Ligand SMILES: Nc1ncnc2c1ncn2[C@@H]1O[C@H](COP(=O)(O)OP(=O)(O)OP(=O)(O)O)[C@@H](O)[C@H]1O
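Just one chain follows, in the form predicted on its own, and it is written as structure tokens.
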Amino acid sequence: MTISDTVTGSQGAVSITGVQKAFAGRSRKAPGRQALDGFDLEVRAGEFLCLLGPSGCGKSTLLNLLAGFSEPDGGEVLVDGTPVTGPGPERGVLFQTPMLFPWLNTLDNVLYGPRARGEKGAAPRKRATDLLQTVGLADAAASYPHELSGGMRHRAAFARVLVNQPRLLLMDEPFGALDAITRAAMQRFLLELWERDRMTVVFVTHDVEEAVLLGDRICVMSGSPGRTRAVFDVDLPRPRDLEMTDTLEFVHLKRQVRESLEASL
């Protein structure tokens, strides 16, 4: 079974129009901060879009709005034409640190979402075991998080999100804390997963090379307050691998994106 076999309905198209988001200061004397100011972005169904921008430009704020963890002060955030009003299983979120319960084994961690929603019977368990097979953790189903390597914990977190059958996957620097070898392995794993199932992905990163390697398009955000500065089409052939990073086409696009990012500082 592929992950796309579990996805039903729409495919996770995103429309963000004129979004405003500000945060109040911690005291009366401390000034507030405008995180996003008139931010616009369209993400096509099944697209892999990478978000780049300087620290504090509102990348994580934008992901939180898409996830439904917070609400915009103005503008509109739509997924498949429906306003986002709160969290939902159709929008999966992966953070830099894998979100696993230390007291549950790998299989039970993956099953947590379906069980919390009251799913019963053999279907959710089969979905979870099939996903563990897909992410290469079938032999670690009974293992606890502290018994898994960093890469294995990230793959378990993938399965835990995907078992909920999301249409949209939101990723906030998920590989930022990994060593170079594990990070490369996770990039390869994500590319293979996306190539097969074409789920809509919005991926936040500070790494220009990572954005060019993974994305269909790259949105470069301006410095605070965050706005759309530039959008680049990544016209590189797929499937992609790490060897592509040495090609002239890759290096040329990487330079263009980096120059746009530096100009946004």
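Keep in mind the model is a prediction, meaning the values are calculated, not measured. Numbers for residues come from their place in the sequence shown, where the first is 1.
Another form exists, predicted together with this ligand; not displayed. Remarks below refer to it.
Contact check for Glu173: a heavy atom falls within 4.5 Å of this ligand in the predicted complex. Contact check for Gly58: a non-hydrogen atom falls within 4.5 Å of this ligand in the predicted complex. The closest heavy atom approach of Gly46 to this ligand in the predicted complex falls outside 4.5 Å. In the predicted complex, this ligand lies farther than 4.5 Å from every heavy atom of Gly68. Exactly one listed residue, out of Ala35, Val202, Leu213, Met199, brings a non-hydrogen atom to within 4.5 Å of this ligand in the predicted complex: Ala35. For the partner-free chain shown, just His206 of 193 to 223 comes within 4.5 angstroms of this ligand in the predicted complex, judged by any non-hydrogen atom.
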